[in-house]
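Next up: just one chain, as structure tokens, the form predicted alone.
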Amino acid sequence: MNLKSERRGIHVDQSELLCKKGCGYYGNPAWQGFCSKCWREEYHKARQKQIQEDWELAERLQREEEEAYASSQSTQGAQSLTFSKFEEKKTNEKTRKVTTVKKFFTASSRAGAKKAAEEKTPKQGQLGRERNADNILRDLKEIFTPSWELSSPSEALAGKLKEIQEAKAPSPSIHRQASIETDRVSKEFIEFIRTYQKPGQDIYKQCKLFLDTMSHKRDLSIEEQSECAQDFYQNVADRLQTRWKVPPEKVEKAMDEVEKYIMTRQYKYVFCPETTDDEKKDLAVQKRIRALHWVTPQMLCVPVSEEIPEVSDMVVKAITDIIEMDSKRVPRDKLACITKCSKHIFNAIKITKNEPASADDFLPTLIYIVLKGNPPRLQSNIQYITRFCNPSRLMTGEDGYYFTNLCCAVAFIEKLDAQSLNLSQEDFDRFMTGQTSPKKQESDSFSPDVCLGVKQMCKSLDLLSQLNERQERIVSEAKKLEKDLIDWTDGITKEVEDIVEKYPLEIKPKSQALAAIDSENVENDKLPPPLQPQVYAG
């Protein structure tokens, strides 16, 4: 397999991770390649356009209805008698069908009461056929309500509530754990905002107001609830910066605590809600990853050797971190798990290659970790982070970079094909259907009935042989280096000797030192006598 061809299927240019609008922030496949800021702008534009189109459609339908009503007034007199007979026949037929269905779904204990009611119905005549909407709804409720709930309204309501609670409520231990965590987070949040004094009081008031508002908006779609949360984050941050003049670093810290407090309380309502297809996507991704269990690190060109104990430990820690993400309730904590997993991957690559890892090495290894770990509810966690995380964390910084790479890894796994792994389509189909699996290196030399200890022993011997070859190569290179140093020393010595021979150095005897001018030893110096001053008379 060609290394370059393997990388071609996995390589993602770093520019592709950025927002496709060119703002410089990280994009996200969940936002169609936009960052959170640009996505919200595009979302609002599309929403306004859809509202305008719906308004125009409603006006057009209203005009058509008015025109049709005006045109039907002229012919209504001639058809009124025929229409009234048709309406009477339709009402009688509907009443008969409702009575028949009631007989099938109503308990035998109510048969007598229903029979008496049916005997009174013909006496009412036209009044029974002109039932209002409330009576019809009540009859339909009786049809589709089980017989054990018809005995008493209070008992029926209590039984229904109990059934709903048993179906949707978590186990008591999980509920207690969630309640304890919520209380702990609330206490930590109150202790934190006390350090902000008046701004902290304002933050707490805004958070309580937001939670109260969201409790009355459970019927909104998850996208609309996400918009409310993002608007709340933006409003609180702007409020701290403009009104209270809080420094940016304290604003960021406050927003982290606000997100932790808000989302701990909102988690059970907004994580993987029943109104979305998040659970369906989770099952599809898990099924896809299980089907790709045969993918080897060599196919993905993963620059990690799990034979090294330190690297193996890093791989296990990375898998543990990506799995632990599902146990966290706050988007920031889930992002922290992704960041820790990514750092373990970088360390594993660095230990294996003895050099810093590059982006081309990181993404294939992240894909391998996801395939090997198969994290639970992966799509739900990604969607939860995308919808309710503080947008500044996803747009910039290492958290945003690692999260964007995780989204790319999941998208690659969903679209992985034979060309991505540099395989033929026939081999890829056989691997996917389980007809065969890629041969591992040790499978060629061992039969299936060989025990694991013998395999490990042979594997260790092979590793020792490789180490011996490596040691011999190092010794050979060391001897060569020693010989080069000796040759270099001899060459330098010879060049110095040639230069000295060509230009010999003559050392002259030491000459007698001259006496100083002001020395008292005048006789030895043989100096002339000093000049005497002479006086001339003018």
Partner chain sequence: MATGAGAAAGGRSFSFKVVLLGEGCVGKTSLVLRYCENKFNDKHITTLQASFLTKKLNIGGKRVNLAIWDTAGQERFHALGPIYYRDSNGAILVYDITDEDSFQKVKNWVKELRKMLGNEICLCIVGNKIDLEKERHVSVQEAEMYAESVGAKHYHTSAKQNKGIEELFLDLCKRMIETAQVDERARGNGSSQSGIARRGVQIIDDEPQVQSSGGCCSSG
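The structure presented is a predicted model; accordingly, all values stated were derived computationally and were not measured. Positions refer to the first chain, counted from 1.
The discussion below concerns the form predicted together with its partner chain, not included here.
Contact between residue 289 and its partner chain in the model of the complex is not found at the 4.5 Å heavy atom cutoff.
Proximity of residue 400 to its partner chain in the model of the complex: non-hydrogen atoms within 4.5 Å are present. Contact annotation: residue 183 falls outside 4.5 Å of its partner chain in the model of the complex, judged by heavy atom distances. The closest heavy atom approach of residue 227 to its partner chain in the model of the complex falls within 4.5 Å. For the options 337, 255, 272, 407, the one in contact with its partner chain in the model of the complex, meaning a heavy atom within 4.5 Å, is 407. Interface residue among 412, 431, 196, 189, judged by heavy atoms within 4.5 Å of its partner chain in the model of the complex: 412. Heavy atoms within 4.5 Å of its partner chain in the model of the complex map, among the stretches 228-236, 325-333, 279-287, 307-315, onto 228-236 alone.
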